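Next up: a single chain in C-alpha cells, the form predicted on its own.
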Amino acid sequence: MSAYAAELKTTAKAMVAEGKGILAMDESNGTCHKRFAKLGIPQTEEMRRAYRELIVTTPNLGEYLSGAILYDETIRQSKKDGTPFIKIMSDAGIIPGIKLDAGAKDLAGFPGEKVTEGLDNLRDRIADYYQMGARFAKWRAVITIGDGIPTRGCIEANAHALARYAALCQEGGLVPIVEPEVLIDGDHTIERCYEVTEETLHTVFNQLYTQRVAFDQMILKPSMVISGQDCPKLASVDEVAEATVRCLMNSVPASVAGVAFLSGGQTFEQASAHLNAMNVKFGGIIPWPLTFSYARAIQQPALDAWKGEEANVPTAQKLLYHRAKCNGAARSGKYSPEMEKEIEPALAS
C-alpha cells in the first residue's frame, strides 16, 4: 500500500465531487498550435501562456471544476504579474494535475495501431511534479477501430503501460487518471464500439489488478460507447447513455473512485447531453460518480471568441464558465438544452 493512500483517496473523491468535473487543458504545443492556426492566432509561447491565463483566471470556475490537467509547460507558467498558475488554481479550489504520457506512437509490427510511450524516468518525473503541487496525473492510450483492428497485441500493450504508470503514480502521491480512449473515427456501429470498449476495459482492469493498483485511489477516463462519426446510423442520446453504462457495469470494479468521461470529438452539446442522460437514468444504481474530463467540449467556444485578442478575454471567459456550468449540471443530471440559451444575456451585458 502507498504511503500516500489516505491522501490519494481524499484527492480522488474531491476530483469527482457532486456538480463538478475536470478540465483537460493539457494539449501539447503542437496540438495547441494547430488550433491557434485555424483562428489566425500567432503560434508562440507567449500566446499559449496568455490563453492559459485566460482559462485559469476565469472568475468562479472552481464552482464547476474540481481539477484541471496541465501540460509540462503550463504547470511552470505564471500570470503576466508573476503569480504561478498553480497558486491561482489552488486558491480557486481547483486541484492541479499533470499529463505524464509522451504521446501515442506507432506500435512496431501492428500497422495502423498505436502504443503510448513515456514510462522512462517516470518515477523521478512524478516526484518533481508532486513537489510542484500536482496531485493527480493523466495517461492516454489510443485504441482505433478499423478493418481487423484493434488487435490483442495493441490492447494488451496499452493496458500494461497504463497499469505501470498508475502504479508509479500511486507510489509517488499522484491519483492516476487511466484513459483508454476508443476513438470515434470510423464508420463502425455503436454495437462494434461496445465490443471493443468492453474488451479494452476488461484488459485494462486485469493489468491494473496485476500491477497492484488500488482502485479506490484512481479515476477512469473512458470514451463513451458511441457510433463512429461516419456511421450511416448514429445512435441517439439515450442509446449512448444505456450502452455506455451497461458496458461500465460489466467491466469496471465498483471500488473505482470515479469515472470522468472524455468528449472525444463529440460536439459540446452532445457531450453534455450524453453525460446528463447517464446520470438521470442510472444515477441511482451505478456504484461510482459519473462526471466529465473534457477539453474541447469546454474550451472551444472560448478559444473561438478569444482569437488571441486581449479585448475578447471577458467574453471568452463567460463562454468558458458557461460550458463548465452546463457540464457541472450534467454531472448531477440537471442539464437541459435550454441552458444553452442562458449565455446570450450574459454576452450582451
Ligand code: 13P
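One rule holds for the numbers: they count along the sequence shown, beginning at 1. Values in this document were obtained by computation on a predicted structure and should not be read as measured data.
The next section is about a form of this same protein that is not shown, the form predicted in complex with this ligand.
The closest non-hydrogen atom of Met278 lies beyond 4.5 Å of this ligand in the model of the complex.
Among heavy atoms of Ile41, none comes within 4.5 Å of this ligand in the model of the complex. Among heavy atoms of Pro84, none comes within 4.5 Å of this ligand in the model of the complex. Although the partner is absent from this view, Tyr294 contacts this ligand in the model of the complex, with a non-hydrogen atom inside 4.5 angstroms. The listed set Ala137, Val213, Leu162, Leu262 contains one residue whose heavy atoms approach this ligand in the model of the complex to within 4.5 Å, identified as Leu262. Considering this ligand in the model of the complex, the lone stretch of 73-81, 113-121, 137-145, 228-236 in range is 137-145 [heavy atom distance within 4.5 Å]. In the model of the complex, the residues of 1-34 lying within 4.5 Å of this ligand by at least one heavy atom are, in order, Ala24, Asp26.
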